[in-house]
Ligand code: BDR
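Presented below, as structure tokens, is a lone chain in the form predicted on its own.
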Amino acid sequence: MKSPRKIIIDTDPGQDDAVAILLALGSPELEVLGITAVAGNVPLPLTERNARTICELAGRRDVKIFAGCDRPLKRKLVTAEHVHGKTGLDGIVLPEPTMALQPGHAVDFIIETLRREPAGSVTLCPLGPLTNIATALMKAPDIAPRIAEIVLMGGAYFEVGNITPAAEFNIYVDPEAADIVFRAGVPLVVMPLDVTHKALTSRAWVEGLRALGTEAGRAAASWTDFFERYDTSKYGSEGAPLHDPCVIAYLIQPDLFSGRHIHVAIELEGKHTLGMTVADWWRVTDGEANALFIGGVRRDAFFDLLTERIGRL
């Protein structure tokens, strides 16, 4: 077996972030060098706490967790308690985490890790607003060519917006950060709402997780139940989109997904379109392709992978 792929998960947990982290920790193909928390779904004190809670649940107190940026680069923080509940991980009561937060700032950890590890060996996996990643790229431009790839959840084109009519939440919260990341010249893979809305949970899958009989399985089922209630009423769908686990599943089994290499720009000025990912899906401009923009997923195989890996914890 080839050596595991080294990743840093940058996250704002969030129930679907939590499922993504469990998927990563249950997958021997991945070596999680650290988890960096950012303000997003809920404020930073909750996202770093939630990251520690998730690692303890998975029995992985060895994972290094760092707190990062507590606000967007230029804007007031917008949060999503209306989706995730006041803690960000509503749905099941878990004990307060006892594992320590690492000293130092998440941005410095990202920079130091990329400088220390062999060039092209570390993949960044942002599951929330891109503030930490953009700040690292601004502070240390030398890291850009050392990043193997950035695989992120964010944006939308055909599905348009989920926080405004035009914008997806992660990009909208810090569009200036997203603009920096999309123009950095780093290989990008984007999991937009266009694919995550095809990865809808089902009652049978959630009950299958619960039937694993493990703490991780029960927690993941409860988290899914919680945010399913919001999404099914909003979209009128049978299940809820599992956004962030798409990032981790792509790293493990990229053939689950299909997309196009296209040019994607971030709208920073629009009165009605701030934070929109302007994805040139039909290649109508001469903009150079800067992202693999994912549009399709083999849904059943995706959920089978999730169950199998969470079942290992």
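Predicted model only: the values in this text are computed from it and were never measured. Numbers for residues come from their place in the sequence shown, where the first is 1.
As for the form predicted in complex with the ligand, it is not shown, yet the points below apply to it.
Among the residues A148, L193, L188, L73, the one placing a heavy atom within 4.5 Å of the ligand in the predicted bound form is L193.
N162 is the sole member of T214, T123, N162, Q102 with a non-hydrogen atom lying within 4.5 angstroms of the ligand in the predicted bound form. Picking from 166-174, 130-138, 104-112, 217-225 the stretch near the ligand in the predicted bound form, with a 4.5 Å limit on heavy atoms, gives 166-174. Using a 4.5 angstroms threshold between heavy atoms, M153 counts as touching the ligand in the predicted bound form. With a 4.5 Å cutoff on heavy atoms, N41 counts as touching the ligand in the predicted bound form.
For the stretch 238-273, the set of residues having any non-hydrogen atom within 4.5 angstroms of the ligand in the predicted bound form comprises H243, D244, in sequence order.
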